[in-house]
Ligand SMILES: Nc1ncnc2c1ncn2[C@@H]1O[C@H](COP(=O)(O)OP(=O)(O)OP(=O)(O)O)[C@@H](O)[C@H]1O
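The chain below stands alone, shown as structure tokens; this is the form predicted alone.
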Amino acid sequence: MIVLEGKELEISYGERTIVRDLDIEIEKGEVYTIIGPNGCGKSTLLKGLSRCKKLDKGEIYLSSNNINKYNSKEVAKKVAILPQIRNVPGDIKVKTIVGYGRYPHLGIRNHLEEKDIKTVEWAMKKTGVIELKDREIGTLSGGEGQRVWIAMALAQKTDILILDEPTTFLDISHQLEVLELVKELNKELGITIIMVLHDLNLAARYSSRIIVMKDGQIVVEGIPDEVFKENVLEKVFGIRASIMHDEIHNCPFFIPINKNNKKIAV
């Protein structure tokens, strides 16, 4: 079942076209990761799909309906997006930030009711930050802070969760922590995930579908084993690589090869 679809999308910044003539279909309950070189349009595509960035051309369909038929609150009840940049004062408490996720559901009084407070507590428990609820966001580690922001998005109670580079600036242990959480939310709650990652091996490990972009267009889309091919990595990223199989996680992984045909440690 297709829950989000874009047809002939074109998105620009000023006179520069970033996404061009792009079609995309997102199936319910899958974990999609978009990969590609810097500047290829990954984050711009996410912004367009969530209606955070105006389209120059094309249509987006949410649950088979044109997304423009929904007002902003209605979209926010169906799609939660966690952008790369989140500027808030460091003294705001965790429970307050997670509570922001309930705003699309608030009534005229714009006040959290008992059901909203219970949802916020549920989201904090699900993401393992309930014990941090009275901490200030500025006092948390990178991994803790990222889980708090995911809790906020989870509190929106949407069927689709969009994450723009959720592992950026995190060390490897916190990257794994965040991606394990994403995997858990998908498996336990059936949430459809669309995210951008830079680490290709993590993308292969934690995704059911991979979308590869270059120059504002989709080059290939499919399961990790279909996408992670030597010719694809060379065409898109300009690297030679040896593709292997991770028997533990049942997914492909790659090792770059230099010009002397020697494997490069990663």
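Predicted model, so just to flag it, every value in this text is computed and none were measured. All residue numbers are counted from 1 along the displayed sequence.
Beyond the structure shown, there is the form predicted in complex with the named molecule, which is absent from this document and is the topic of what follows.
In short, of 217-225, 56-64, 31-39, 236-244 it is 31-39 that has heavy atoms within 4.5 Å of the named molecule in the model of the complex.
Among heavy atoms of Glu165, some come within 4.5 Å of the named molecule in the model of the complex. Contact check for Ser50: every heavy atom lies farther than 4.5 Å from the named molecule in the model of the complex. Contact annotation: Ser207 falls outside 4.5 Å of the named molecule in the model of the complex, judged by heavy atom distances. In the model of the complex, at least one heavy atom of Gln84 sits within 4.5 Å of a heavy atom of the named molecule. In the model of the complex, Tyr13, Arg16, Ile18 are the residues of 10-28 with at least one heavy atom within 4.5 Å of the named molecule, listed from first to last.
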